[in-house]
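Only one chain is shown below, in structure tokens, and it's the form predicted on its own.
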């Protein structure tokens, strides 16, 4: 009996190493180790030469009181994250999912495929298309419509409404993920709930409000948390289209860290700012986890169906 138990335990350990071992190694190499290195660099004076001559807390002192750009960057980041998340990643993604699942499957699949094209395209191609769209001259696509066709004055989104520009820029590509998750969740809602609602005389809006939306609590919470954390650390499309300009008007926190470290050679200060971003991300994740009560959504079902 003991031999059989030992063999079973050995097999369980072997399965653990076989299936979870590679994932644990990758987690350590690409997530834990970089954070440890970042912490070490943050307390040094590493500059463009990559030399370390002393360990210091000067980077954090500068972060707290000596960087005049931080206030503007923080406000821009807050507007960017909240605006993109609320308008596009959650609301517009949900709207796309509801609309494309309310029509026939072929048409719905066609429209979802269109919205997935930006995400499937290379980032540079997407950025080049946006550079053409927002070109402030009469050759830009937006101005060809508003100025050439409608006779309105030329529009310069880069200088007139830079924060709105980066919200729209990231929102159109970010809405596709929410659309896919919400579409899958809507497809999983039992069909008889819709039939019962229609038999009771519910309108289309009432069906959405009382049947669809209550069933999407978990996907809505997941997309809110995931996309909020993703927006906090993303700057790829902003960097490609605006490079954080004009001046620092579209420089979000993650892009500011990149510029300080890799463009200005202030590696230690950039590491300190990145460490603060890690802390902000952890705090935001825990806060949203509690606020959205995601723990209750992960509870096992009380009734098991065999």
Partner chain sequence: MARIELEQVSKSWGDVVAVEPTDLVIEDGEFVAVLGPSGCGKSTTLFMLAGIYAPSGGSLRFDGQVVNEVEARDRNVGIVFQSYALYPHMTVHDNILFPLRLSKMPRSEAMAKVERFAALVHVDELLDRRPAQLSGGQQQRVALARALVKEPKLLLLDEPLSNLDATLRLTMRTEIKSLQRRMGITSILVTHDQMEATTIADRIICMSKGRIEQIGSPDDLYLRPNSLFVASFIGAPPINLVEGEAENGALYVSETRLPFLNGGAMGQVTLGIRPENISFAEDGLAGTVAAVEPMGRETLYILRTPIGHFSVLQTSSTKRYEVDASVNLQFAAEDTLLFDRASQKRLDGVQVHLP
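Predicted model only: the values in this text are computed from it and were never measured. Numbering follows the first chain given and starts at 1.
Not pictured, yet referred to below: the form predicted in complex with its partner chain.
- Taking 211, 229, 134, 163 one by one, only a single residue has any non-hydrogen atom within 4.5 Å of its partner chain in the predicted bound form, and it is 211.
- Interface residue among 202, 127, 87, 180, judged by heavy atoms within 4.5 Å of its partner chain in the predicted bound form: 202.
- In the predicted bound form, its partner chain stays beyond 4.5 Å of every heavy atom belonging to residue 98.
- Its partner chain is not drawn, but in the predicted bound form it has no heavy atom within 4.5 Å of residue 123.
- Taking non-hydrogen atoms only, residue 106 never approaches its partner chain to within 4.5 angstroms in the predicted bound form.
- Looking at residue 113, you'd find every heavy atom of it more than 4.5 angstroms from its partner chain in the predicted bound form.
- Of the candidate stretches 193-201, 167-175, 98-106, 145-153, only 193-201 contains residues with a heavy atom within 4.5 Å of its partner chain in the predicted bound form.
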